[in-house]
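Just the one chain here, laid out as structure tokens, in the form predicted alone.
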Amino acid sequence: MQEFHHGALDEIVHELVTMSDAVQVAVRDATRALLEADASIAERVISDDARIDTMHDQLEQRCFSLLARSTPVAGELRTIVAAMQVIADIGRTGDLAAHVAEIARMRYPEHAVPAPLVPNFTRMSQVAQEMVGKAGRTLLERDPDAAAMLASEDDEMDELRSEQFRLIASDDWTFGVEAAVDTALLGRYYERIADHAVAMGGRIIYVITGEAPEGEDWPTT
């Protein structure tokens, strides 16, 4: 076995942040495609997801290679394993952004989101982007406090989701079943993006402290 290569691990962490930045852009652009009914942006987000998938596969393979060819100690091993889990979370987040873009493309030239819900989805996207960006950087910066804040930031996403349901179920909803289904599904995609960011935060806290965060707000998978 070779001596553990810290530089290789640092490179993986830095590229993980690059991947999270790409996903943050994907969430932003998918939302633009959705709210502006822009098929060209939707197509770009969908095609760019293949690049994010390639980044995922390459980073995952580098983690496997680092484990196979060296002898990491406890803290290093935690970082590699958590990095692999974070890579998976970021990859799934990219897929969710592509799903948003697919609905925008499917409904084009119509808008999938009814006008009264545009502010709600705009804010959902902002929260999701902020959470993904923060989650991607907390491992690099080794900031457990910032990672822990992700669980409380998820509360706003939950409230935005509840607001959607209240509108869909109200007598004021006049947009039909198809729009209700689209809205519910889209809201779920943004909610899952936030959930992955929270999960990343929990994994990063484990890397830094050696202890898994406690509390029901933290996903275990």
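The model shown is predicted, which means the values in this text are computed figures rather than measured ones. Residue indices: 1-based, along the sequence shown.
Omitted here: the form predicted together with another copy of the chain. The next part is about that form.
A.B. asks: How about Glu60: is it within 4.5 Å of another copy of the chain in the model of the complex, going by heavy atoms?
C.D. replies: Looking in the model of the complex, residue contacts with another copy of the chain include Glu60, since a heavy atom lies within 4.5 Å.
A.B. asks: Classify Gln85 as contacting or not contacting another copy of the chain in the model of the complex by the rule of any non-hydrogen atom within 4.5 angstroms, answering yes or no.
C.D. replies: Because a heavy atom of Gln85 falls inside 4.5 Å of another copy of the chain in the model of the complex, the answer is yes.
A.B. asks: Can Met55 be called a contact residue for another copy of the chain in the model of the complex at 4.5 Å between heavy atoms?
C.D. replies: Met55 lies outside the contact set for another copy of the chain.
A.B. asks: Taking another copy of the chain as it sits in the model of the complex, is Met149 near enough to touch it, meaning that at least one heavy atom pair lies within 4.5 angstroms?
C.D. replies: No, Met149 is distant from the partner.
A.B. asks: Heavy atoms within 4.5 Å of another copy of the chain in the model of the complex: which stretch among 150-158, 177-185, 37-45, 24-32?
C.D. replies: Residues of 177-185 come within 4.5 Å of the partner.
A.B. asks: Could you spot which one of Val113, Leu139, Leu96, Val127 gets a heavy atom to within 4.5 Å of another copy of the chain in the model of the complex?
C.D. replies: If I apply the 4.5 Å criterion carefully, the residue I get is Leu96.
A.B. asks: Quick one: Tyr108, Val118 and Phe121 and another copy of the chain in the model of the complex, is every residue within 4.5 Å by at least one heavy atom?
C.D. replies: Judged in the model of the complex, none of Tyr108, Val118 and Phe121 sits within 4.5 Å of another copy of the chain.
A.B. asks: Let me know which residues along 19-41 have a heavy atom within 4.5 Å of another copy of the chain in the model of the complex, or say none if there are none.
C.D. replies: Residues within 4.5 Å: none.
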